[in-house]
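Single chain ahead, by itself, as structure tokens, in the form predicted alone.
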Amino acid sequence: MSVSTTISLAKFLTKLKNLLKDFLSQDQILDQEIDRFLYETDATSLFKNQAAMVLLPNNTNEVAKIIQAINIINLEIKEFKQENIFKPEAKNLSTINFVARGAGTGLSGGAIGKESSVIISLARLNKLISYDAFNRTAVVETGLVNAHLSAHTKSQKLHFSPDPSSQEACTIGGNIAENAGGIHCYKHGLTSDQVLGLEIVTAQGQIEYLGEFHAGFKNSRLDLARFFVGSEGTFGIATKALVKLQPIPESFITMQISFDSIAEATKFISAVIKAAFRPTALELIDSGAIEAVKAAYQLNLAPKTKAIVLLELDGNNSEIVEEAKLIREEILINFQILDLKTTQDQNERKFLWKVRKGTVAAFGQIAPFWYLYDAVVPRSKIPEAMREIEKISDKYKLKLATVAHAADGNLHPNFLYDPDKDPEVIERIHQASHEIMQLCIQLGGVLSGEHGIGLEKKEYMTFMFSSQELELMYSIRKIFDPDVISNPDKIFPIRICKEC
């Protein structure tokens, strides 16, 4: 962006700020560099850029007024460009866009702005408005932290079932944007399975309702709530949600099974699924991740362990006890295992899960940064995928540790790195990423299981879709946002997203 264009944009941003002051207080408008710095990235840490300002609305009406103000200034920008069509400061001048942000725990660069962006943080829209224990539903503001909803409804023996690893920090709105899943999504489903209705603010600043809400809320004729889930903020901003609550299971059984190879572990996983068991969780941990947690915690793992499967059943106690017995006696007996630990004790359960839930903290003891992939392959292709990913990591001299939601083939390879010790490592990570995504598509998989496309994978969309398919998707996106100002530079490759 040229100096003259920057000056012109600054002028219009000042005009926007003056409009915002009519309904926002000074502490709701953050435009100092130190404030913008705090919002320049998400949990990936690989993508960084400072937005023009960060706004902290208190309610849906303020979100709507913010977007209306942006549209007013954008109209002025368009008029300025038309009147100064031959001037350099007008030619490259961008319209102002907005990016909704929850807790910043995303892993695809989806909530990062740019120089012409306004970050709209939903941190203050964090209320549980109501919940109906009889109908097992809740109405929440989308800035509510995932785990806080379940804490509120625990007394009624109900919980919100999506459980991403970041659930103690991530928000319901972020879950909606990315269609989050988690460790227990195989049995209980993704966020899209739990959303009944949404209150949204459109890119024009209008408040609309999708799906179904309780009495007192306006209903639309067409249920677009599930369609909105997973749109990564490109259709507008969800400010309230009507979500399902699930009963907290009566009981659980956790099984930690150690194998001497990934191949044997994945064969066991396939046998469990083929036999029509439906565990609530079926996680796979590879040797790299095992090495990390062994160094960090005293886990008493069997020698020569190269893969661990965590299998958890929940529900009626007598039923899951019988299921666990059948898994041991009819399936596990056919496999060579190094160790089996089983528990129904909560404290022991937490200890067994440490090998999975403690990985991120353990990675931090090996390297200061880690980059997490989110790709999906058919279950039968997991051994091949993991072998090839290991070859790719060796090729680019990267430290690899992999965990997986193995029941649905959702792989999470992690590269652990230190850019201070290895300045070229980020470039090698991007090169490896390109090959890993190509590999997963070639094996019949998809680009993302639960983390979204965002900035991270948008140029890989052509691995899966033709130009015609991407243009059709983009045209649907423009039905919701004709001027492409709602999180504009995400999901679609630059050559498809002509306005980006």
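None of the values given here were measured: they were computed from a predicted structure. Numbers for residues come from their place in the sequence shown, where the first is 1.
The form predicted in complex with a small molecule exists for this protein as well; it is not shown, and the discussion that follows is about that form.
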What I'd like checked is whether 288, 307 and 411 together line the small molecule in the predicted complex, meaning each has a non-hydrogen atom within 4.5 Å of it. no
With the small molecule left out here, work out from 102-110, 80-88, 426-434, 334-342 which stretch has heavy atoms within 4.5 Å of it in the predicted complex. 102-110
4.5 Å heavy atom contact, residue 450 and the small molecule in the predicted complex: yes
At the 4.5 Å heavy atom threshold, is residue 405 in contact with the small molecule in the predicted complex? yes
So, in the predicted complex, is residue 232 in contact with the small molecule at a 4.5 angstroms heavy atom limit? yes
The small molecule contact at residue 265 in the predicted complex, heavy atom, 4.5 Å: no
Using a 4.5 Å cut on heavy atoms, which of 439, 43, 67, 54 is close to the small molecule in the predicted complex? 43
Between the options 282, 210, 238, 138, which residue brings a heavy atom to within 4.5 Å of the small molecule in the predicted complex? 238
